[in-house]
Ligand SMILES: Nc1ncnc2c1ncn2[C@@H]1O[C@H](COP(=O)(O)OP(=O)(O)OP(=O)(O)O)[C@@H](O)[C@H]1O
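In structure tokens, one chain follows: the form predicted on its own.
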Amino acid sequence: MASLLEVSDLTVNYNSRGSQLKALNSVTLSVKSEEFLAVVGESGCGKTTLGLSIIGLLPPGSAWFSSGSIAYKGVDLASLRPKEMRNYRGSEIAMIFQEPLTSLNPLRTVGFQLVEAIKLRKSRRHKADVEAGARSRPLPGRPSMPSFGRARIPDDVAEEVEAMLSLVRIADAKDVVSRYPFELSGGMRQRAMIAMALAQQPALLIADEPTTALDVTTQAQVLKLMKEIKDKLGTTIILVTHDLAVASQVADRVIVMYAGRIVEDAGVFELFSKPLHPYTQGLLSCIPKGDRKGSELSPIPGSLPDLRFDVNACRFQPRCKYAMKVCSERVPPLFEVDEGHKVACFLHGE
């Protein structure tokens, strides 16, 4: 299966209270077409920064690429100007954010925002056709809907709007499109966000903690929906989450991050049956095991390192019970222990 995305030696710096810190430090990964990849780790490990880097939404002025590349279909996204990046954001790469209530426009109905996404896609496709020398067609206009108030969906996109809402398991389309985001439940808002992201038919969908604010039942429904979308549409999905249990339900492959670096990369079954990195083992030991009577949680001692100070050593070494002398002297590379299973730990290499 061909690679859709290749991230090579990516380093991203942030300005923080007069200092600089490396939110991502020499990150290298490959994402295959139609793969469901989960990126997991504690808060502050760099997983959200990775997603924002790919889609080009790092905060301007306070974050920048220090080194590396992000090759999407052979194009280095990290080298594009903001205007050039707009050709990829949305239409090629879309992102679902953690809290849809703060991501959706509170002054627009769900229908208005969904129609805008569809119209934008058609406008971009028309522009691409013209630039490629295709026979010119009339440029799709902006949604003919008022700025405020409830209005019906324009006839030219009504069928597609209903199809998108049906895809994300929203049955009563006519009712939902006329509602404002605050009038919907958390699960419905998240489904609407997914519909808007998919309306532009992206090849890559990045989901940043999409189930964190949802109850357990709704969370399961959203995860099942994302898995169905991947299988039906062939969409490549990168799921950013702190919850290994969530990753285990939907992912084909899991990447574990710690302090801005990838520490383990493996297929989902391999990772859960044979975790190799002490940090991954620690994360798994923190998951409650309801089927084991008398089992106790084993929290990871210590805290995350200060990323303002770059050290030539394993970042997890101060918290690791297996730490060796070499761990404080060099940064461990990613060793390929088995086919498709990589780990950044000297216990398994050299």
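Please read these numbers as outputs of a predicted model, since none were measured by experiment. The numbering used is simple: start at 1 and walk along the sequence shown.
The form predicted together with this ligand is left out here; the points below concern that form.
Although the partner is absent here, Glu209 sits close enough that one of its heavy atoms falls within 4.5 Å of this ligand in the predicted bound form. By the criterion of a heavy atom within 4.5 Å, Cys320 is excluded from the residues contacting this ligand in the predicted bound form. When contacts are judged by a 4.5 Å heavy atom cut-off, Gly302 does not count as touching this ligand in the predicted bound form. For the chain shown alone, Glu42 is a contact residue for this ligand in the predicted bound form, at least one non-hydrogen atom being within 4.5 angstroms.
If you check this ligand in the predicted bound form, you find a heavy atom from every one of Tyr14, Pro59 and Leu307 within 4.5 Å. Only one of the listed residues (Val337, Leu21, Leu334, Val326) places a non-hydrogen atom within 4.5 angstroms of this ligand in the predicted bound form, and that residue is Leu21. Interface residues of 158 to 175, taken as those with a heavy atom within 4.5 Å of this ligand in the predicted bound form (partner not displayed), are absent.
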